[in-house]
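Given next, in structure tokens, is a single chain: the form predicted on its own.
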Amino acid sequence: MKEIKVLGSGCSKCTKTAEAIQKIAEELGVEATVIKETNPQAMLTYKVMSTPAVVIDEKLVHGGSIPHRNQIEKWLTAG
């Protein structure tokens, strides 16, 4: 199971990112836990400069915009 964190202030872009990842994971049948993280300390931990940011299994994979569907699918189906 993948652990996916969406880091941000809770803004609409962050919410849309978390919802999109959850929906696509369900469509692909991928087990994933999606966590919306709004703690500023978490953003410092991952050295996030702009949000929304996406962390998968403790690795920062995206930041600064809502990711495209094809990016999300690659993350979810990667090894």
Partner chain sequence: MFKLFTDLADWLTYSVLNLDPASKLGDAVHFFIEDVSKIYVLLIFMIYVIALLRASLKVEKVRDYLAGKHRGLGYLLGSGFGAITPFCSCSSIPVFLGFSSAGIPVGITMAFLMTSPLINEVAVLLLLSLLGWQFTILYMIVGMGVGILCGFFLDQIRAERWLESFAAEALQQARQAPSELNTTATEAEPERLTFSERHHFAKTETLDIFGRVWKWVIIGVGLGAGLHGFVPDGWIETHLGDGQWWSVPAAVLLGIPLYSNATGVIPVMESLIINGLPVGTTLAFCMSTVAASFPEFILLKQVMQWRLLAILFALLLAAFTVVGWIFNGFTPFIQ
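A quick note: this is a predicted structure, and the numbers were derived from the prediction, not measured. Positions refer to the first chain, counted from 1.
Same protein, other form: the form predicted in complex with the partner chain, not shown, and the subject of what follows.
None of the heavy atoms of residue 23 is located within 4.5 Å of the partner chain in the predicted complex.
Not displayed here, the partner chain is approached by residue 38 to within 4.5 Å at the level of heavy atoms in the predicted complex. Using a 4.5 Å cutoff between non-hydrogen atoms, residue 43 counts as a contact of the partner chain in the predicted complex.
By the criterion of a heavy atom within 4.5 Å, residue 48 is counted among the residues contacting the partner chain in the predicted complex.
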